[in-house]
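Heads up, the chain below is alone and in the form predicted alone; it's given as structure tokens.
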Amino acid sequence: MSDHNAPELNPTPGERFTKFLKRKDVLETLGWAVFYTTGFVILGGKFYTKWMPTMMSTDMRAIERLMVIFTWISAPVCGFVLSMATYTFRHGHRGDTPPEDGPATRTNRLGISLFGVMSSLLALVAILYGLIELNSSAEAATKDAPNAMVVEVTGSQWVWSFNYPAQGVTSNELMLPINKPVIFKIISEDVNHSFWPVQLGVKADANRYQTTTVQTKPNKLGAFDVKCAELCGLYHAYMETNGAVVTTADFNNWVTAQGGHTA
């Protein structure tokens, strides 16, 4: 004979979680989350690399890899947010009289805990990966520094000029020999600019009273664009010039033609 006066036991966390997952709205939201997450993963792995500028340096390759990995890391969070927005759009109230408010999200401990833990883990992975990439780039730059060619970059409204101290050449074109590490020493003659040889994956501020130093290693022949990435006045959009990665022989010929000498 059952005891009708026995107190009802509270469900365990596992039972609450199982019940939560069986809800129709949760299942539909999770389905949309998987759909959007999968789409962003495919987008990042298959298409981002095709839309990015041509990779012409080791730094640009690292940037491409970083963009893909960070897209994959952020895909679940973005997918989850879009899934909730999709569910709300599909099932939101459209009548004249609004319905009673449902349970507030801020009181759903399970939902808040899951979202907080997953977001924190993904953010931690992104931070650790970024630190590893920065450390790897710094080690490569230190290793290549003794053999690097120095190019002094000067920005002024609204032109770039490049001085090669070892070769005795100054030019408005940025010519670089392939597979030769290069150190850019960047400064401005007036307002702040931002030195951006697009396909080389380098971007650094050009300040008037401080020299900024960055390093890269061109590894593919071809032309690239040099632009200013800092709003610097009326003709900022026209502050661009040409650059090219050429063979060592072609670079030496160019230096000679400019009246300089090969190092």
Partner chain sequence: MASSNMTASKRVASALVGTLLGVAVVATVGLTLHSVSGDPQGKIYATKSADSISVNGMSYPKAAVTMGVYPDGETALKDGSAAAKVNKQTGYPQYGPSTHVVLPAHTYITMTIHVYDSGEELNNPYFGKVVGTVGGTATFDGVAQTSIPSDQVQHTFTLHGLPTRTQDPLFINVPLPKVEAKDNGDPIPTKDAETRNAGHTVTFSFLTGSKGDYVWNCEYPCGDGTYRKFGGVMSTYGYMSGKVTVA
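Worth saying up front: this structure is predicted, and the values here are computed from it rather than measured. Positions refer to the first chain, counted from 1.
This protein has a second form, the form predicted together with the partner chain, left out of what is shown; the following refers to that one.
Residue contact check for Glu152: none of its heavy atoms lie within 4.5 Å of the partner chain in the predicted bound form.
Put simply, Thr247 is far from the partner chain in the predicted bound form: not one heavy atom of it is within 4.5 Å. Using a 4.5 Å cutoff between non-hydrogen atoms, Ala237 counts as a contact of the partner chain in the predicted bound form. Shown alone here, Thr241 lies within 4.5 Å of the partner chain in the predicted bound form, counting heavy atoms only. In the predicted bound form, the residues of 146-177 lying within 4.5 Å of the partner chain by at least one heavy atom are, in order, Thr154, Ser156, Gln157, Trp158, Val159, Ser161, Thr170, Ser171, Asn172.
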